[in-house]
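Given next, in structure tokens, is a single chain: the form predicted alone.
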């Protein structure tokens, strides 16, 4: 619903009559399942008449981190990281993969 509210606000601001496409970036560490997001988006479109034909495009980003012990940066495809994949240290920080952003909107 929040994604569609953002799109609806942009549509109104632009004076457009419909929402055609929404591109979102979803980080794997968010726990958001992209299939569930697509299903929910399709269901929620009914609440926004200007979005009934809108398409949702999803760009997934992997989890990235930086290890405090070995100073290496890493990227993994897993949703959860419990230790540095290079040295095994548990002293690391997540640098990417927590995103949930609306990147682009196409309205007409």
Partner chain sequence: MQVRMVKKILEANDRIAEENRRTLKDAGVLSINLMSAPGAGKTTLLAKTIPVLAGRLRFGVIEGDIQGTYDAEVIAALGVPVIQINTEGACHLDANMISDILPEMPLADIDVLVIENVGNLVCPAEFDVGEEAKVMLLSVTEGHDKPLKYPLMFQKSEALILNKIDLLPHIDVDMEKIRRDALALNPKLKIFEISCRSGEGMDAWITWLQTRRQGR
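Computed from a predicted structure; not experimentally measured. Positions refer to the first chain, counted from 1.
Below, we refer to the form predicted in complex with its partner chain, which is not included among the displayed structures.
Novice: Does its partner chain come within 4.5 Å of any heavy atom of residue 82 in the predicted complex?
Specialist: Yes, contact at 4.5 Å.
Novice: Is residue 86 close to its partner chain in the predicted complex, meaning a heavy atom pair under 4.5 Å apart or at it?
Specialist: No, residue 86 sits far enough from its partner chain in the predicted complex that none of its heavy atoms falls within 4.5 Å.
Novice: Even though the partner isn't displayed, in the predicted complex is residue 12 close enough to its partner chain, meaning a heavy atom within 4.5 Å?
Specialist: So residue 12 does not count as contacting its partner chain.
Novice: Any of the heavy atoms of residue 61 lying within 4.5 Å of its partner chain in the predicted complex?
Specialist: Heavy-atom contact with its partner chain at 4.5 Å: absent for residue 61.
Novice: Scan 4-26 and note down the residues that get a heavy atom within 4.5 Å of its partner chain in the predicted complex; none is a fine answer too.
Specialist: Residues within 4.5 Å: 6, 10, 14, 24, 25.
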